[in-house]
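Given as structure tokens, the chain that follows is alone and in the form predicted on its own.
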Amino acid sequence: MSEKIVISPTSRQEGHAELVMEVDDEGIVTKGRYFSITPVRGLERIVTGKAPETAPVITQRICGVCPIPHTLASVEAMDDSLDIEIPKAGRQLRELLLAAHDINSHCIHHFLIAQDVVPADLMVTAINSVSEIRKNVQYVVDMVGGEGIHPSDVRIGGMAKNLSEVARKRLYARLKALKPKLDAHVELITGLVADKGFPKGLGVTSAPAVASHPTYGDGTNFDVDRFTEILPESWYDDPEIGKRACSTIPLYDGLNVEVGPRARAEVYRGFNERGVVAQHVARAIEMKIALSKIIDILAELDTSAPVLADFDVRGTNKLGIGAIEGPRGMDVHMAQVADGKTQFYSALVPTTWNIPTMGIATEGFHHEFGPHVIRAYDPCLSCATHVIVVDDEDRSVIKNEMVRI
């Protein structure tokens, strides 16, 4: 006899979502559905009709957890629409900013999953490790971005200013000193995940892995012609869920996909493991890759070089694509600029891509493992909202209407 298990809201994530699992007599999930119930805020609509430089400032406020990827995806989309080639040093500073943010965000995730994988006698060690790493990499974000949460120095055409030579040397020394601590943290987390004893195959799906770049992002690797976006009623076979879900379903080549650290590792590094353990391992290893990139950029950066390009803000109505590989996966912003105004804006954020895959990933195992599967993707729901639920006049009919977030 089938039973329905509902977790609402799911825990230790940003935003609000539900996990609905149909289970058999043994509690095994036969059908998993995960969906956002976070309200729409209309930020994409707000930037439309305004000057292009408004978009990065507004869309970086899509989320307080991942403002850096949204800022960068926005300026990359605008750069593309305005045909801007940013200076090398400007590009390096953007990549430096994202790498530091990725480490910070992955550490936050380790804090969120600590209850799942860290034994009591190691909890203080793990939390202190998270705090130490975050303090150091967030210092990089502050110095490069201008602010820790909403990076004011990221601009269309590059960056507002370069680092001073003194700041470069200070950051280089600080991050070099962090390396053994971060390596030890990664070893700790991957070892604890391996020791947790998750069932073999937990969270494995056949969803294709999609990524635009191994570390930063590349809009030329996102083919807009392969992308479609459908309403939730067309995806969920439960009409009630279809009505209540607050995100569209983005598909690539007509399929639901997986984005994120594990997807990047598969696409660019030949990492073929899948499932919950693989998600955690890939995320932890990516911290080491990001730190190495930070150190390399700081060693090479020419602090006397220009970081901001001149450009014509009027635009030609070209559809610009900005793809940034944020902590949770591929973050695509699209923008069209003409007559000095943003004519169109859309954000296809990482968790939106993963939502249809995450529910499926709970299937085939006991429902008690469902939350572990969801948390492995580190979902961030506020970014993902693209649908508003509307009542008719007598409040008896509910339907979904797609809006830009």
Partner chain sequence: MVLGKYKQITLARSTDKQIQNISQDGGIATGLLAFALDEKIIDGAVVAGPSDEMWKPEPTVALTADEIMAAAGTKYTLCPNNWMIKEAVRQYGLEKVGVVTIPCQTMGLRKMQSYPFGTRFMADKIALIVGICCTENFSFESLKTFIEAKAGVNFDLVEKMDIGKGKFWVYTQDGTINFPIKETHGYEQNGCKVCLDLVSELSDISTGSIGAPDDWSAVEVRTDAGDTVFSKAVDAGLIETKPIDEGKFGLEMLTRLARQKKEKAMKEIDRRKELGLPVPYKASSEKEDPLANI
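Numbering follows the first chain given and starts at 1. Just so you know, these numbers come straight off a predicted model, no measurement behind them.
Beyond the structure shown, there is the form predicted in complex with its partner chain, which is absent from this document and is the topic of what follows.
K.L.:
Quick one: does Thr228 come within 4.5 Å of its partner chain in the predicted bound form, counting heavy atoms only?
P.N.:
Looking in the predicted bound form, residue contacts with its partner chain do not include Thr228, since no heavy atom lies within 4.5 Å.
K.L.:
Does Thr215 reach its partner chain in the predicted bound form, with heavy atoms at most 4.5 Å apart?
P.N.:
Result no; Thr215 lies far from its partner chain in the predicted bound form.
K.L.:
Residue-level contact is defined here as any heavy atom of the residue lying within 4.5 Å of its partner chain in the predicted bound form; does Ser164 satisfy this criterion?
P.N.:
Ser164 belongs to the contact set for its partner chain.
K.L.:
Going by a heavy atom distance of 4.5 Å, is Ile149 a contact of its partner chain in the predicted bound form?
P.N.:
Output for Ile149 is yes: heavy atoms within 4.5 Å of its partner chain.
K.L.:
Mind checking whether each of Tyr139, Val144 and Asp153 has a heavy atom within 4.5 Å of its partner chain in the predicted bound form?
P.N.:
The answer is yes; Tyr139, Val144 and Asp153 each reach its partner chain.
K.L.:
Go through 196-204, 270-278, 170-178, 251-259 and give me the stretch that gets within 4.5 Å of its partner chain in the predicted bound form, heavy atoms only.
P.N.:
Of the options, only 170-178 has residues within 4.5 Å of the partner.
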